[in-house]
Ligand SMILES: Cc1cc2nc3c(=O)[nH]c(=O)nc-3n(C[C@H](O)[C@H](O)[C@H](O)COP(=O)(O)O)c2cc1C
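Next up: just one chain, as C-alpha cells, the form predicted on its own.
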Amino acid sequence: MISGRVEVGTRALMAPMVGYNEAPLRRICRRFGSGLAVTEMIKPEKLLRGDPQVLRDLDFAENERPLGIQIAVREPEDMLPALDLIWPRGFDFVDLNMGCPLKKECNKGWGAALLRDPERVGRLVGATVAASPVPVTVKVRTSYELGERSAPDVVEAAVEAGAGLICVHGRTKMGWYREQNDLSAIAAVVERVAGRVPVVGNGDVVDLESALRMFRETRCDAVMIGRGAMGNPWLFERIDRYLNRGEVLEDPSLEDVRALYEEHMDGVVEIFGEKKGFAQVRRYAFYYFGRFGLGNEWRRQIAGTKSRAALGAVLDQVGSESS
C-alpha cells in the first residue's frame, strides 16, 4: 500500500498519538486489525543525545510490523544525522509529522507550521527519501489557519519529492480538535494525487458508520483512527470485516474488555515499572470501560485509585452492576 513497498493488510490504521503509542498498545492494535503501527512523535535531537525515554519508545517486537517511526523536524540537516541511528533498528517506514498543532512545536517550525511552506516540505521530504532505505510517508492537516486549505499544495510538493503515502487530518492547526472535521478538504487531497500515492483520511472516525462515511465522501484509500480506537481496538476488525465480508461484528463483552485491559496493563507495567506503569495505564480505564455507561461517581473512584488492586476492586463493582 505504501508505494508498493510495504504491504498493509487492512484499510483501518492506528494513528500515532503523543503520550499513548507505547509498544503494548501498538501490539494490541495490530492484533485486532490495524494494518500498521506507528511510534509516537520522535524528535531527532533527543534521539541523538540518547534520551532514555526515546530509546525505550523505539523498542519493538516483530508482531508490531509493519511499523513506522514518526519524526517531527523542520530542516533536512536536523533530520539526517538521526537517520543513521534509526535505520539499524529496522523500521518499515518513516512518517514525517506535518500536522502536530502543539504551540511549542509550531513555534520551532515543526509539525503544522510546515503547512505554510510547501517548498520547505518538498526539500525535507526529498532529502529524507534520498537518505532512506524505506518508504517515507507524510501526515498533514488541511491548513494552518482557519478558512484556508493549503493541504493540496503541500501534499503535491511531498508527492513530487517522493512521499509514498499521505495521511490527512481534516482540521486546521488553529482549529485544533474543536473544529469540525472537513471531509471535503480530505477529498481535495485525494483528487490532487489520485493514482499516484494512497491517501489516508483521519479525524472523527469513532465507529463503523463514521469510517464508512469517510470512505464514501472522500474516496480515501484507508482511514486512520486515533482517539476512536482508544480502549476500542475492536474497531479495526469491525471496519475490516464489514469492508471485506459485509458483516457487522458484535460488541465485545465486559469480560472481553476487562481481559484486554489487564493484558494492556501488564505490558505497560513491564516497560515502565509498577508505579509509573499503573499511572500510565489507569487513564486507559476511562476509554476501555466508558462504553458501559460509567457515571461520574465511577470515574471519580477510578481516578482516585493508587494501585492495581484498588483499581481492580472498582472494576469488580462495575462488573457486578453491569451484569
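These figures come from a predicted structure and were not determined experimentally. One rule holds for the numbers: they count along the sequence shown, beginning at 1.
The same protein also exists as the form predicted in complex with this ligand; that form is not shown, yet it is the one meant from here on.
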Practice task
Answer for Glu40 alone: is it within 4.5 Å of this ligand in the predicted bound form, judged on heavy atom distances?
Solution key: yes
Exercise for the section: Classify Pro16 as contacting or not contacting this ligand in the predicted bound form by the rule of any non-hydrogen atom within 4.5 angstroms, answering yes or no. Expected result: yes
Exercise for the section: Would you please decide whether Ala163 lies within 4.5 angstroms of this ligand in the predicted bound form, comparing each non-hydrogen atom pair? Expected result: no
Practice task
Consider Lys139 of the chain shown here, and say whether it contacts this ligand in the predicted bound form, taking contact as heavy atoms within 4.5 Å.
Solution key: yes
Fill in the blank from the handout: The one residue among Trp87, Tyr242, Phe215, Tyr177 placing a heavy atom within 4.5 Å of this ligand in the predicted bound form is Tyr177
Handout entry: Residue (of Leu115, Val199, Val155, Ile225) lying close to this ligand in the predicted bound form, criterion heavy atoms within 4.5 Å
Key = Ile225
Practice task
Please state whether all three residues Arg11, Phe32 and Ser210 have a non-hydrogen atom within 4.5 angstroms of this ligand in the predicted bound form.
Solution key: no
Practice task
Pick the stretch from 121-129, 226-234, 107-115, 184-192 whose residues have a heavy atom within 4.5 Å of this ligand in the predicted bound form.
Solution key: 226-234
Handout entry: Within 78-97, the residues that have a heavy atom no more than 4.5 Å from this ligand in the predicted bound form
Key = Asn97
